[in-house]
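Below, in structure tokens: the form predicted alone, a single chain.
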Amino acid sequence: MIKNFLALLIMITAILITGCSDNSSGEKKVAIAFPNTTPSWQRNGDSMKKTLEEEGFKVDLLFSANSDEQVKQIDEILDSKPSCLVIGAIDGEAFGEVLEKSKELNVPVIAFDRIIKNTDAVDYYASFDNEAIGQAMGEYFEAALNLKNGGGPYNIELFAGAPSDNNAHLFFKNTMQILDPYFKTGQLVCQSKQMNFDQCATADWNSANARTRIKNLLSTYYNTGQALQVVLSPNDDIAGVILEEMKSRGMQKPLISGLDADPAAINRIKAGEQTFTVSKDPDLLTSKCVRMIKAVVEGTQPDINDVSTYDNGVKVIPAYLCTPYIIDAGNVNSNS
């Protein structure tokens, strides 16, 4: 009887040891699916892959140019049954069907930077506080233009990001919540009257689309010497093309926002061309996401600091939100 018990104990111990060795043998598989639409996605993906591999994970890093390609890549990589799937979505509403497969295979899903909509298959979200980004932009304009103390009137034109990116909607909505009262008092004047998200959106975050729109705005509403004094730009690429088009017409540079703290934007701020940018420190976000991946794969609870903001239409996604910060002429030399 005792011999049988000892034999059983030895067998159970062997099974447990085998299971543990699988988790530490480098066979913990993570799939990362990112866009290749900007250099920052490439940098983020490469950084995450390097860090995870150093910690014993096997990583499949996938890049795609459009939503259809991304969905196809995810469908194919799920056949390998990764321990975790991380998605930087090109189109946040394109994954309902393919993520049903992740549920069937019990593959946990982390949305990176952009929320994935209309599915209950997303387990966690790692991003920046996108509402705070919009608020920060609005409050910067409010202070710089002395709007609380009656400053103005100022002519302003508004640009937003891609309709397919939920973050773009949050940036715009929260900036406009700050600025709306000043449109009502006449301290801010939008000559084009293009003031809702759909009118201001930039398809695919493509700066060429923004260039076409600013050309039309300048030709139509500012062709008789009317000054354009303020521009809400949702990122640094778009700010760059707006400034180029205004400069080519000999127009005075406006007070203009940006986002991402791209090297070109930092140089423009140093040169006194772009007013400010909002920094989303990529190292901070990728490191937080790596910790989240490790917790998910190892069966522990990831760090979460928001359980109410990100309702994707089916459920509220538990999130870790990193804090963004403003870079302008006052602090640019200490952030470059």
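From a predicted model like this one, the values you see are computed outputs, not experimental measurements. All residue numbers refer to positions in the sequence shown, first residue = 1. Under this definition, the rigid core comprises the largest set of C-alpha atoms superposing within 1.5 Å between the forms.
The same protein also exists as the form predicted together with beta-D-glucopyranose; that form is not shown, yet it is the one meant from here on.
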Spell it out for me: taking beta-D-glucopyranose in the predicted complex, does every residue among A126, K288 and T323 have a heavy atom no farther than 4.5 Å from it? no
Answer key, beta-D-glucopyranose contact in the predicted complex at 4.5 Å (heavy atoms) among E245, D260, E131, E93: the residue is D260
Work out which of T38, N305, N267, N66 lies within 4.5 Å of beta-D-glucopyranose in the predicted complex, going by heavy atoms. T38
With a 4.5 Å heavy atom cut-off, would you call N167 a contact of beta-D-glucopyranose in the predicted complex? yes
Tell me, yes or no, whether D113 is in contact with beta-D-glucopyranose in the predicted complex, where a contact means a heavy atom of each within 4.5 Å. yes
With the partner left out of view, is N235 within 4.5 angstroms of beta-D-glucopyranose in the predicted complex by any non-hydrogen atom? yes
Closest heavy atom of Y221 to beta-D-glucopyranose in the predicted complex, within 4.5 Å or not? no
Tell me which of 113-121, 145-153, 187-195, 245-253 has residues with heavy atoms within 4.5 angstroms of beta-D-glucopyranose in the predicted complex? 113-121
beta-D-glucopyranose in the predicted complex - contacting residues of 276-294, heavy atom within 4.5 Å: K280
Is the shift of T38 between the shown form and the other one large enough to count as movement, that is, does its C-alpha move by 2 Å or more after the core is superposed? yes
